[in-house]
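Just the one chain here, the form predicted alone, laid out as structure tokens.
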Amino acid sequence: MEKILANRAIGGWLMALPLVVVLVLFLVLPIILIVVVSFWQATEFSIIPAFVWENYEFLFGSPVTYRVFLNTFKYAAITWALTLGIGFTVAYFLAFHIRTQTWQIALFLLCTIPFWTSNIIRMISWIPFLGRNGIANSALMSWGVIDAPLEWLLFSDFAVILAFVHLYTLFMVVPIFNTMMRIDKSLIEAARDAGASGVQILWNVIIPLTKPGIMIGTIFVVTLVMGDFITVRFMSGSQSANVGRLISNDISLLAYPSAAATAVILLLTVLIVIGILLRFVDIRKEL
């Protein structure tokens, strides 16, 4: 019996070995290299593999770092709130107001159509729409709503957040819709028979049972927004920055140790945020 259990254990390890190798080569080792490089010293002409703290001292000693991180959290928080509202509404409509599974699948696939193209193409498509002489300003002026073009529609925080919401809403819709589809409809009927109103059913039945999906969507959206730098660069007209842009600028200047140090702090920040979110709900039941 012991030999059988031992053989099964060895077989299990052997089955997991390819995945472990892939994770070590393409996840663990790159992270270790980034951490190591973050302690190297950089001059104008060379990179010295010496253990120093100057990259972190410069990072935490600069007020620009705190402003950039605050800006990153601002983008993440506003985008999360908007994608949660839109994603929950769409998922609720698909799960509880569309009766046939065929129409649910068809409408869900309709939501995914914009995501069949590149993120950059979908992001840049907002520029001619929001520009000074774009479709939005032209329409508002022709309707008499405004007398002059709105300057804040493009190359502003509004444009950045609009692009983020457009790019990442589906990452909130999918897990929430998946969780809602698992809710036993008899619970809603029982609550309705007990005299609960629609708002009470939503607040006391649907939302608590949808928490795992909300948390999974939150993790997706927050991590994607905090690491995105292309959207901030194009949609703000290089007038705003987040941590991703800070890393990108350091890389373009060949300041790899400084970029690595910033990346390590960003990674730790994201892990802390995810750790806080995971304390609210056990998402392992959904995986």
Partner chain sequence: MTKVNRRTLLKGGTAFAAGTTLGAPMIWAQNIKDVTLRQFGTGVSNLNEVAQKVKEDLGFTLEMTALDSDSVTQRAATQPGSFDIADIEYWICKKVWPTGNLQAMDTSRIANYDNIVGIFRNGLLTPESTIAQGTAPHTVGFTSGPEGTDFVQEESGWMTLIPTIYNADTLGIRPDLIGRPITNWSELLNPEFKGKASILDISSIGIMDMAMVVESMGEYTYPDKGNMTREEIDLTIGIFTEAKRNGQFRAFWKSFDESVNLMASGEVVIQSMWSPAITAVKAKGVPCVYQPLEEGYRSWGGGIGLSAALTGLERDAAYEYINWYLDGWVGGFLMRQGYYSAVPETSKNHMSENEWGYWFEGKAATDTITSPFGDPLAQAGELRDGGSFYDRMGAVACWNAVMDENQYMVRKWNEFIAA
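Residue numbers count along the first chain shown, from 1. Please read all numbers here as calculations on a predicted model, not as lab measurements.
Although it is not shown, the form predicted together with the partner chain is what the next lines describe.
**Q** Give a yes or no on whether every one of 64, 132 and 250 sits within 4.5 angstroms of the partner chain in the model of the complex by heavy atom.
**A** The answer is yes; 64, 132 and 250 each reach the partner chain.
**Q** Check residue 76 for me: does it contact the partner chain in the model of the complex (non-hydrogen atoms, 4.5 angstroms)?
**A** Residue 76: no contact with the partner chain in the model of the complex.
**Q** Tell me, yes or no, whether residue 34 is in contact with the partner chain in the model of the complex, where a contact means a heavy atom of each within 4.5 Å.
**A** No - in the model of the complex, heavy atoms of residue 34 and the partner chain never come within 4.5 Å of each other.
**Q** Does the partner chain come within 4.5 Å of any heavy atom of residue 254 in the model of the complex?
**A** Yes, residue 254 lies within 4.5 Å of the partner chain in the model of the complex.
**Q** Against the partner chain in the model of the complex, would residue 243 count as a contact residue? Criterion: heavy atoms within 4.5 Å.
**A** Residue 243: no, not in contact with the partner chain in the model of the complex.
**Q** Answer with one of 154, 167, 215, 91: the residue that has a non-hydrogen atom within 4.5 Å of the partner chain in the model of the complex.
**A** Exactly one residue meets the criterion: 154.
**Q** Which of 259, 42, 232, 222 has a heavy atom within 4.5 Å of the partner chain in the model of the complex?
**A** None of the other options qualify; the answer is 42.
**Q** Name the stretch, out of 146-154, 78-86, 171-179, 101-109, where some heavy atom lies within 4.5 Å of the partner chain in the model of the complex.
**A** Within 4.5 Å of the partner lies stretch 146-154.
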